[in-house]
Ligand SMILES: Cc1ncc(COP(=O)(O)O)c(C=O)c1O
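In the block that follows, a single chain appears as structure tokens, in the form predicted on its own.
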Amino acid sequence: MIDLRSDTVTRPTPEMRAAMGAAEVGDDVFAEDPTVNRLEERVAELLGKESALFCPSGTMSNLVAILTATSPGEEVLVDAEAHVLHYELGGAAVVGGVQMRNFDAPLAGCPTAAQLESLRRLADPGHEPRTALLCLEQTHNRRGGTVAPLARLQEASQAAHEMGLSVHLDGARLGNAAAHLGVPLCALTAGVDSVNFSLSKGLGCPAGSLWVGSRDARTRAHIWRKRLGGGMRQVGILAAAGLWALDHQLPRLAEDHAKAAWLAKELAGVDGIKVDRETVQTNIVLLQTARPAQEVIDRAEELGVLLTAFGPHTVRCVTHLDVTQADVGRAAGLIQRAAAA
């Protein structure tokens, strides 16, 4: 099978496994795991922030960020296609009593200052909830792995701060965004208050994400991680995978982008498929199919390719380190057969 469902399906390499096996460990609940501590310090430095907190998953890291920045009854502004809105099971509402209020920002989910201003609440706390947080996403999953330009990110963050909001960046695929723009990770996080940085998307780690932000906010974030059941013990085994990935997998993400661009090129103009090659900026390719998406996916699986539905007639393909250029070429032909009328 050629698995293009997600960049989360990758398996640790032998070298990563060796690093995990050799990891020095301790009790992370007591902040005594030296490998976790090194990972948190390294990621905080890469993202230009004061502190980081290792979490089991990106869903938890995003939830920790939202709960750290809000109080019950407040609201969070999110793009209508945001991951935190579609794929995190309403955790902010269930756990934190926080509501999501969405807007439509086609440019990688990043609003303009004028758009944010149009969402400003009246100064009427007796009737309206307080808007506390803006959540951004980089790259933007449901918008095809697209990347918001630096100027747009800075504009949105500055406008949100002027409105009294904190800003959280869901940077699950932040490395892909940095590779696309040719900038360091810290350039993408300079104007935000907190970040979710994933190790299991694109970087090949078996688990783990980090909440990243200020030293003061980390104290509250640590409390929320504990409440959510995220306190772990000798987790340096996983942190070692993250440290290895930062050195060896982060620099190679552009290779996955090239594979995605090749796949889009091969499928452009194929009967039964439409693909906007301009939006294929990173490692995600969205296909608009004439046949129902699930039919295409089922037929593709029979032929040896695994895909994901993103809508009634939308199929997502994701390239990653476990698929080669040859795999992508073969997959293109099989997907063409699966989508044929």
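Here the structure is a predicted model, which means the values were calculated and not measured. The numbering used is simple: start at 1 and walk along the sequence shown.
Below, we refer to the form predicted together with the ligand, which is not included among the displayed structures.
In the predicted complex, N196 approaches the ligand with a heavy atom inside 4.5 Å.
Proximity of N62 to the ligand in the predicted complex: non-hydrogen atoms within 4.5 Å are present. Within this chain, H83 lines the site of the ligand in the predicted complex, having a heavy atom no more than 4.5 Å away.
Residue contact with the ligand in the predicted complex: K201 places a heavy atom within 4.5 Å of it. The chain is drawn here without the ligand; in the predicted complex, the stretch among 53-61, 290-298, 25-33, 268-276 whose residues come within 4.5 Å of it by any heavy atom is 53-61. Only one of the listed residues (E155, E88, D256, E75) places a non-hydrogen atom within 4.5 angstroms of the ligand in the predicted complex, and that residue is E88. Checked against the ligand in the predicted complex, the candidates A172, A92, V147, L188 yield a single residue with a heavy atom inside 4.5 Å, and that residue is A172. Taking a 4.5 Å heavy atom cutoff to the ligand in the predicted complex, the contacting residues in 128-143 are E137, N141.
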